[in-house]
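Shown below, as structure tokens, is a lone chain in the form predicted alone; questions about how it binds or moves come after it.
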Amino acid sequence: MRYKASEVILLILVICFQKFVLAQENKKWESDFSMEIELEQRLFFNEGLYVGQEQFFTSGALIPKFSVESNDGKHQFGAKLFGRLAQYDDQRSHLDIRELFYRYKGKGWSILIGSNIVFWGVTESNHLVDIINQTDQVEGVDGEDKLGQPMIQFTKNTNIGTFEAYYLPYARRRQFPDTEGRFRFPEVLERDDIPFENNAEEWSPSFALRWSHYLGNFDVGLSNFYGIAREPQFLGFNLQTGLQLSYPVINQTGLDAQFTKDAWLLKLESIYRTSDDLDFFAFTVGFEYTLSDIKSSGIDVGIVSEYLFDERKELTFSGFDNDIFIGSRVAFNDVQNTEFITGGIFDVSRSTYLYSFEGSRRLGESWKLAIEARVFGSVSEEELLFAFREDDVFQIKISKFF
């Protein structure tokens, strides 16, 4: 959804001011405000494959967050705005309403109206069942960052599990890097150029249902989504029109489950998706084993391994169709909350293998340092990821919290 920056900021400021005044006058509300200011530097090791691509990118982000909640816990207002100003890549300079909602909590139930981010899933390397929100593609290639989604969400807690129902009136398009940006295809993909396969386009509503529960050592979730796909569907390449992409109407059933036993976590995510052009099954399954407090140092080391399968093969947008992920998660459990995860994804049937590292540490009471690196060791020309084969990157972020 396109918002004018001035309109968004004015709306949030007016609402926040009204809630703040209300909180001070009647003392029946509690308010909280926080702000994160981030400076980011990206360094790409190789020259770009395509004309115009840069190697060094500086950007900054502003992330204000505000909440007001009644003392009885029944009424809650939340707002979270994200804005980035980026060098070179114009598409990476963007503003988004991550959260802007009102929630009412009844006895055993709640309803949320507005924009929010919802996460489903348990696996580390690929989040198949997570489908409510559109991916913020210009923020990161790993798909972890999400755009806010307009919704009405109803939640009911019972002794046989939690039931959720979603009405999603609007489907947001995915933004891709501009000419100067990295992690892009040979042709620059404009957000509005990828068509919807229905007459109502982005205003066609979507619907979702989810049941989740814990059964002993098991945590399980079962979901169904019907509506506009968040991920563009790739159906091949044409010399005249380039990449053949569209947003189809899909029906997706998902299952996520996690089994916990001592130091072991066994994880599964699987989906079956149907559309007019393509039906497929995909799953990610694996484990995490944690070695706690090694030699009384307080350091925990987790060993993670997952297998990723997708029937779409070379049509898989993420490139993960028959791959193995092997990694390690390390938590120092210190005052600075130092932690990192590193690993690699290896294609079983092709020559593709990728490496990644993500680490973070608090600096003092209000600063945070985050480092990320991604290396494309080898990429088969049969995969969509082949377009990114020279995009090895080192990224550093410094954040200040208020």
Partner chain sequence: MKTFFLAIAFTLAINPTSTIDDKGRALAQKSKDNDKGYESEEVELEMILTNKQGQVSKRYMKSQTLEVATDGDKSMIEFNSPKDVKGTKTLTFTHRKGDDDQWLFLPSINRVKRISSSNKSGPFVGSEFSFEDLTSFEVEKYTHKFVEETTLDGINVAVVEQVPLYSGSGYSKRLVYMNVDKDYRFEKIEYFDRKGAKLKTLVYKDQKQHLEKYWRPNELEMINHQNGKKTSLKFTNHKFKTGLTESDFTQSSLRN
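Residue numbers count along the first chain shown, from 1. From a predicted model like this one, the values you see are computed outputs, not experimental measurements.
Not pictured, yet referred to below: the form predicted in complex with the partner chain.
Among residues of the shown chain, residue 55 is not one whose heavy atoms approach the partner chain to within 4.5 Å in the predicted complex. By the criterion of a heavy atom within 4.5 Å, residue 200 is excluded from the residues contacting the partner chain in the predicted complex. Of the heavy atoms in residue 114, none are within 4.5 Å of the partner chain in the predicted complex.
Contact annotation: residue 282 falls outside 4.5 Å of the partner chain in the predicted complex, judged by heavy atom distances. Listed stretches are 295-303, 185-193, 243-251, 83-91; the contact stretch with the partner chain in the predicted complex is 295-303, by a heavy atom cutoff of 4.5 Å.
In sequence order, 123, 124, 127, 144 are the residues of 123-152 having a heavy atom within 4.5 Å of the partner chain in the predicted complex; the partner itself is omitted from this view.
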